[in-house]
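The chain below stands alone and is given as structure tokens, in the form predicted alone.
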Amino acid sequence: MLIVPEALIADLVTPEDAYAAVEACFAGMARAEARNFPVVREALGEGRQYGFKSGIDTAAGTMGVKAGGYFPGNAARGMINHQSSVFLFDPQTGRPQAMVGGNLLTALRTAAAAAVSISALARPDARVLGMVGAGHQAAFQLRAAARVRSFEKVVAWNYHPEMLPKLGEVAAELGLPFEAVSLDALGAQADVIVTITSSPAASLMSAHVRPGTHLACMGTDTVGKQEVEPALLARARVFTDEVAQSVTLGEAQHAIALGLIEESDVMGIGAVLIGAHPGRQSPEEITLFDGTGVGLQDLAVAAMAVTRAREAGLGTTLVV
């Protein structure tokens, strides 16, 4: 078994690698070559979340599980709040193959999923990017979004506005003007909106969003979490990484509970990627990607890290 520690990941997997891995993962799911297993997710109190995401990709020959969660007290300890590890197993024998640090990989694959949705569903003429949320993950989201569209400006809102200047520094690195705005102003300007918060209640309302907008809602991955008003999903054509997760623990859980949409109204984005669904069907349509985060994404980027580590002779091999 190869151990690839967190400290090596940045030199092994690039954002472009993560994008390619996640795009292939979604396409494999749409072709029924890969499937996720039910998520185990538990609240530990004080905002802490812990759980397991797992799956198998027969085409890629990967099987495994990511264990970890969200620990909001970590920032005061000098650690990031998301902590996880990925374990890979031989799908034929079940023998352990690798243990991989999952913190940076989680950030990269989450940002890549949003970028895949922007590439597939946003209007080609999208020029203003709106960011709702300014935490650790927001910087990854901003950089990934800027790789797939030629944005000319970034507008942003955060519940704690004092966090926005750090996101503005990322925009400046990318050569993009940055403005901290109200949610009303954000929706009035943005062609693409990325929401990346850990909120238990909606902050972005349907009235904030104008026709033609694409939204990548990336923060809701647990029962009870919510970033956008359910009425917004009723106005939009809704896509997701996996329908089963979207309707139970993703953004769609709330719209379905209120009877505003049905499970059949939610489409896996992989169908768009393989040409089985047209995706956006008019410039005025609102498209929404409910990014719940699937185990197969974690396996895909972890497998890439393992391949690169073996090629470079990095990591620690254990006999098990």
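One rule holds for the numbers: they count along the sequence shown, beginning at 1. Here the structure is a predicted model, which means the values were calculated and not measured.
One more form of this protein exists, namely the form predicted in complex with a small molecule; it is left out here, but the text below deals with it.
Open item on the list: Counting any non-hydrogen atom inside 4.5 Å, which residue from 187, 230, 101, 135 sits next to the small molecule in the predicted bound form?
Closed with: Only one listed residue qualifies here, and that residue is 135.
TODO: Identify which of 213, 97, 81, 84 has a heavy atom within 4.5 Å of the small molecule in the predicted bound form; exactly one of them does.
DONE: Filtering the options by heavy-atom distance leaves 81.
Open item on the list: Under a 4.5 Å heavy atom criterion, is residue 175 part of the interface with the small molecule in the predicted bound form?
Closed with: No - in the predicted bound form, heavy atoms of residue 175 and the small molecule never come within 4.5 Å of each other.
Open item on the list: With the partner left out here, check for me: in the predicted bound form, does some heavy atom of residue 219 sit within 4.5 Å of the small molecule?
Closed with: Close contact exists here: in the predicted bound form, residue 219 approaches the small molecule to within 4.5 Å, heavy atoms only.
Task: 4.5 Å heavy atom contact, residue 160 to the small molecule in the predicted bound form - done: Taking the distances in the predicted bound form, the answer for residue 160 is yes, it comes within 4.5 Å of the small molecule.
Task: Distance check, residue 35 to the small molecule in the predicted bound form, heavy atom within 4.5 Å - done: Heavy-atom contact with the small molecule at 4.5 Å: absent for residue 35.
- [ ] Name the stretch, out of 254-262, 25-33, 286-294, 273-281, where some heavy atom lies within 4.5 Å of the small molecule in the predicted bound form.
- [x] Comparing against the small molecule in the predicted bound form, the contact stretch is 286-294.
Open item on the list: Would all three of 41, 106 and 200 be in contact with the small molecule in the predicted bound form, where contact means some heavy atom lies within 4.5 Å?
Closed with: Yes, the whole candidate spot contacts the small molecule.
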